[in-house]
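Coming up is one lone chain in C-alpha cells, specifically the form predicted alone.
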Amino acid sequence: MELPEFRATLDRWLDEHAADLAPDRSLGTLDEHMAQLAKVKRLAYDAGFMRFGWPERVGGLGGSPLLRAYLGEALTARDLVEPGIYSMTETLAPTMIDHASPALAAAMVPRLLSGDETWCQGFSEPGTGSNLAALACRAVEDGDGWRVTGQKVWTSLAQYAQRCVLLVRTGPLDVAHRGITALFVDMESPGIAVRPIETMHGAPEFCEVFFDDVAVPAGRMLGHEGQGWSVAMDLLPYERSTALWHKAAYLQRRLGDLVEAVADHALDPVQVGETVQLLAAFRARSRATAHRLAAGERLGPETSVDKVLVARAEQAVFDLVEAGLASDVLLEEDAAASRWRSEYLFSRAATIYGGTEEIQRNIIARRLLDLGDDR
C-alpha cells in the first residue's frame, strides 16, 4: 500500500473507531498511559495498520517505513498515545529484526507490535554517564548460555517489560566497546529486580534494574559475541528517525493547544516566532531523516543533529508554556494544569536523555565536521 492510500484509509478508520480508541479514563498516571498504549496497539494491529511498514518475515504486511511513521504521527496528533512510550517499538523492533536469529525475531516482534508485550532497553549504568563503552554489567559463559550480574539505570518502562535488550560486558574492560555483547533477556528470569525511579515530573518512567546471576540462553544473543557495540550503534539512529517524527507531531499539537489555552493572554511574539522556527526546523530535519530511512539509507552519526534539534524544540515549546500559563501550571491542580506541569518538568531533561547535548555536539564536531580527533 502506498502512503496516500494508507493515510486516507487510516484516517477513515480512526474516525470510525474514535470511541473504541479513546482512553477509558483521564490519562493521569503512567499505569493508565501504558494500558491505553496496549489497547491502541491491539486495535491497530488487529485492523492491520500496526503491521504495515514491517517485513513479512516477522508478521508484518510490508511496505515503506513511512507507513508506520504516519501511523505514529496520526495516533500522537489525535492524543491517543504518548509518543515517548509508543516510540519504544520503533527503537527495539528494528534491532530484533536486524540482529536476532530469524526464528527469534519472527516469534517475538509480533508480540511487541500487537501490544501483548512491552520491551525495555538496558544500556545506561551508574557511574558511566554517557560513556557507554565503559559499561560493567558482566556476562560470563555458563555451558550453553550466559550468567549476567550487574546493574542498569534510567531503564525506561522496565517495571512493565517482559523483555530487555541488554548490553553486557563479555570481554575485559580495557578493550572498551570491543568487549560488549547484546542479549535479549526475559525480565521474569530469576535474579532480576526492578526499582522504579520517580522523577521530578511525578512519573516513575525510569528504573534501576539489578541482575544477580541471571541465566540467559545462548540463543538470546543479538548478533555475535563482542558485537554489542554495533547493535547499539544500529539502535540509536532508530531512536532519532521515525520515533522523533512522532515527537514532532506531539510538539506541534501541544503548541496548538497552548495557543488556544492562552487566547486571552499576551505572549511575546518574538518568543512565539522563535519557537515556531525551532519546531519547523526540527520537523523538516526529521522528515528528511524518515525519508532517508525509507529509501534504505544507513543512518549514522548525522542523527545527532536530529537529537540536538528535538531537544531545543521541546524546551522552546514548554518555555512558552511557562511564559503563557505560569500561574496555572504552578498553582492549579486540575487535570489540564497537571499535564502542562508534568510536560514542562519533563522537558527540562530533553538535553540529557537519549544522549546529552554536549555529547551530541561533540559527535557532530568530530565525526561530521572533522573538527578534532575522533578517538
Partner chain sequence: MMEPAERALFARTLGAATEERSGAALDAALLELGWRDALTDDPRAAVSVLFEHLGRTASTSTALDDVLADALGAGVGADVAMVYPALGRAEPPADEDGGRLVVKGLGTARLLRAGTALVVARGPGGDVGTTVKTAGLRVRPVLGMDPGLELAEVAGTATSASPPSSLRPGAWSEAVSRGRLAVGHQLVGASAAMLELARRHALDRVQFGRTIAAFQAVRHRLADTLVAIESARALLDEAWDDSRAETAAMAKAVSGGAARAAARHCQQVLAGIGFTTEHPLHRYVRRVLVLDELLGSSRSLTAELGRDVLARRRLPSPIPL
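Residue numbers count along the first chain shown, from 1. Everything numeric here is computed off the predicted structure, so don't read it as measured data.
The form predicted in complex with the partner chain exists for this protein as well; it is not shown, and the discussion that follows is about that form.
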{"property": "Whether Ala47, Gln162 and Phe184 all lie within 4.5 angstroms of the partner chain in the predicted bound form by heavy atom", "result": "no"}
{"property": "Contact segment among 335 to 343, 66 to 74, 51 to 59, 28 to 36, judged by heavy atoms lying within 4.5 Å of the partner chain in the predicted bound form", "result": "66 to 74"}
{"property": "In the predicted bound form, the residue from Ala176, Met233, Ala107, Ala281 that sits within 4.5 Å of the partner chain by heavy atoms", "result": "Ala281"}
{"property": "Of Val194, Val305, Leu157, Leu293, the one that lies within 4.5 Å of the partner chain in the predicted bound form (heavy atoms)", "result": "Val305"}
{"property": "4.5 angstroms heavy atom contact with the partner chain in the predicted bound form for Ala323", "result": "no"}
{"property": "Partner contact for Thr149 in the predicted bound form: the partner chain, 4.5 angstroms, heavy atom", "result": "no"}
{"property": "Touches the partner chain in the predicted bound form: Arg285 (any heavy atom, 4.5 Å)", "result": "yes"}
{"property": "4.5 angstroms heavy atom contact with the partner chain in the predicted bound form for Glu5", "result": "no"}
{"property": "Interface residues of 337 to 369 toward the partner chain, as seen in the predicted bound form [heavy atoms, 4.5 Å]", "result": "Glu358, Arg361, Asn362, Ile364, Ala365, Arg366, Leu368, Leu369"}
